[in-house]
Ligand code: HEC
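Only one chain comes next, encoded as structure tokens, the form predicted on its own.
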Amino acid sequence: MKWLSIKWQKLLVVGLLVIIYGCVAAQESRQQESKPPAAATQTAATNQSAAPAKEVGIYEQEIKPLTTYQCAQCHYPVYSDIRDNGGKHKIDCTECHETFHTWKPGKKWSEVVPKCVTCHDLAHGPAFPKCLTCHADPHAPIHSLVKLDVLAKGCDQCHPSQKKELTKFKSAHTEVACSECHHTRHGYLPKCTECHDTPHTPYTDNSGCLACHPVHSPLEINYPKTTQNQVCAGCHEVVAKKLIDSHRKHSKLQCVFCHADRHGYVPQCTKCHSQPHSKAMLDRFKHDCKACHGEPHALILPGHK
């Protein structure tokens, strides 16, 4: 090797190392190929120990109740009735239909359909045992109250307080049938202007009328202490004009200050003025203040303008 230069000696050593590394790598590769993967070995062991699965026939399986979503796929009209107008019946189908699709020829339909009394008892008492007579659609029970000829026979049975009010406080409303106002369907609330074309105050909505007139006793007029004089002037235009034109102390007051408590109430003058004159003078004029002071809204003394 002395005859080789140092440079060539280094190259020869490197070449020998490359050859040795290649032989070792090839031997390891052959060993890996002949050895099965660990996962495959584990799977094979598992397959050998596990018993083959037994296939369960379709008629041996337990069929679970359908979900509401699944019911809707076949019964969409019923689903849409509940969705749009079901009210409190917006519940899972299986809460009422605990068993499903149980009807078959020879079986009565009434034996399949769930009973209303299961949840509601006799909601309106023993006089109304057949719910579907009024509630035509059990899936939209309130919305389906449209048989007015049937409903009209029992309004007072379900709404006794309104009937009592109409009877106690006589008015034109007492003389009309419930269905004349609550027409079209149960729960319909008419606008007052359907009958009263020219109300005495500008009409915006029913709340303006109902502020004074209870709907089932409209002549029992009540009003809050904040009622403005222009509201009273709607019916009492002449009196309101006298009050404004008089420029007396009474013109500074609200109508409800004197006519408090209820409509039609006329106070005695002594409620505010106590006894301003002697007993002899009051006896002479029979305690009639108007004899001297004139109409209380104008307070113009006789012979004066």
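From 1 onward, residues are counted along the sequence shown. Small disclaimer: the values here were computed from a predicted structure and weren't measured.
What comes next is about the form predicted in complex with the named molecule, which does not appear here.
Trainee: Is there any non-hydrogen atom of K108 lying within 4.5 Å of the named molecule in the predicted bound form?
Mentor: Output for K108 is no: heavy atoms all beyond 4.5 Å of the named molecule.
Trainee: Quick one: does H120 come within 4.5 Å of the named molecule in the predicted bound form, counting heavy atoms only?
Mentor: Yes.
Trainee: Using 4.5 Å between non-hydrogen atoms, is I63 touching the named molecule in the predicted bound form?
Mentor: No, I63 is distant from the partner.
Trainee: May I ask you to check whether K168 falls inside a 4.5 Å heavy atom distance of the named molecule in the predicted bound form?
Mentor: K168 lies outside the contact set for the named molecule.
Trainee: Which residues, if any, of 130-157 lie within 4.5 Å of the named molecule in the predicted bound form when only heavy atoms count?
Mentor: Residues within 4.5 Å: K130, C131, L132, T133, C134, H135, P138, H139, P141, I142, L145, L148, L151, A152, G154, C155, D156.
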